[in-house]
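Next up: a single chain in structure tokens, the form predicted on its own.
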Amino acid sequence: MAQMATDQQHRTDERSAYAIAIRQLEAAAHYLNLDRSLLEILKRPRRELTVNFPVKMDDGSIRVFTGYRVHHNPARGPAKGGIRYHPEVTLDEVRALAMWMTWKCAVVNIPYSGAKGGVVCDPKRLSIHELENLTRRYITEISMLIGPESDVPAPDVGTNPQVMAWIMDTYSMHKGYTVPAVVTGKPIPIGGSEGRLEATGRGVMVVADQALQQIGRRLDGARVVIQGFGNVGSSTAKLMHQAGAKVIAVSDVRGGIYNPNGLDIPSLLHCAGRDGCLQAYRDADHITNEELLELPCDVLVPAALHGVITSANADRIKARVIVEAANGPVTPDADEILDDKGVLVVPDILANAGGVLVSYFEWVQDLQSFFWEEEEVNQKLEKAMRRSYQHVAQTAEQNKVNLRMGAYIIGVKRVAEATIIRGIYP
């Protein structure tokens, strides 16, 4: 019994998002020989806000929800990060996501610092009216933090362009005038950017292509497995399919479907986002999410939640390349096992940076009131992602480390330099 409790505790610790984030930071600090006091600054979020707020439900009852907003390190610019609505949102998770966003923005070299927010709720169990009420009240509660010059939210798990529209409108009503740049990922008619909806998936596709080239393979004809079929997973599937890859398996929270000859991605995209969509697909075998991760393939794309590849299953992973579309899907212990197996892992702070890149483009367009065509947005995204991948790969090779540590060396170094240059006030 004692041994079972120890094993369970190990698995729990291994999946703790914030513990993973700290462990990754400390590893990068070792390579950079960071001063201990500077490391302590980088470990801790600058500010954390927890709010408990009432929302009037459709049946006239009142429910109290808990929400968070965390700013990690402000050294490089305004805070930037998504807002997620999910039943399992925790402060631990939000802290980690804010830290990862800091490094992500630094890796692709845009002038943001990291932030993250979330509300503990199941958006699928809320009516559209209840969801709007929750969003407007949550944003009112954290309004002292957000603003175009201070903190710019964006969509994440459980949120979408409509939620961003409510956020923009709520903030603007408080100000007395329209402020499009307060949030990104908005619908295009109110200041959103062309290309934003597919940006994260497009970035994943671009770095998957780069990673395959690195091992002497091509995306055209590659076998791809995608865990998660939300906005990021479905966009990735669509773009991979268009690039000539064979998407052989996808999944959602209920489970996955697998066909070694390839899935009909255009058909699946027609029902993406609907409960039971994948389970209704007939021309495939039905598998669990756990089985999906262990399928033989060229590229595995975890596009769901963190901590899905651990020391317990890493040795059974058969992919040549893993591209982390989700935040933190591979734990540090699993990383070591995958390294020993020769699996090339493209880390989340690089792989899913396409979303924050186009969010940055949207913010710039809003501030200037001058908007770009989709082709220009996509070209700028691809150029930035390929340049960042090459920089990470070169850094990894120079330091004889894997891609994750190469990315962390770049990201942490840039934030540390900015922190030193700015100094400590007062």
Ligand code: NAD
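For every residue, the number given is its place in the sequence shown, counted from 1. Bear in mind the structure is a predicted one, so any value in this text is a computation, not a measurement.
What comes next is about the form predicted in complex with the ligand, which does not appear here.
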Picking from 284, 337, 179, 157, the single residue whose non-hydrogen atoms come within 4.5 angstroms of the ligand in the model of the complex is 157
Only hit among 186, 72, 80, 84 for heavy atom within 4.5 Å of the ligand in the model of the complex is 84
In contact with the ligand in the model of the complex (heavy atoms, 4.5 Å), from 310-318, 207-215, 149-157, 338-346, is stretch 149-157
Next on the checklist: Between the ligand and 57, 135 and 162, in the model of the complex, does every residue show a non-hydrogen atom at 4.5 Å or closer?
Outcome noted: no
Partner contact for residue 331 in the model of the complex: the ligand, 4.5 angstroms, heavy atom
no
>> Contact with the ligand in the model of the complex for residue 113, defined as at least one heavy atom pair within 4.5 Å: yes or no?
In response: no
Legend entry - Contact label in the model of the complex: residue 103 to the ligand, heavy atom within 4.5 Å: no
Any non-hydrogen atom of residue 325 within 4.5 angstroms of the ligand in the model of the complex:
yes
Within 212-229, the residues having any heavy atom within 4.5 Å of the ligand in the model of the complex are 227, 228, 229
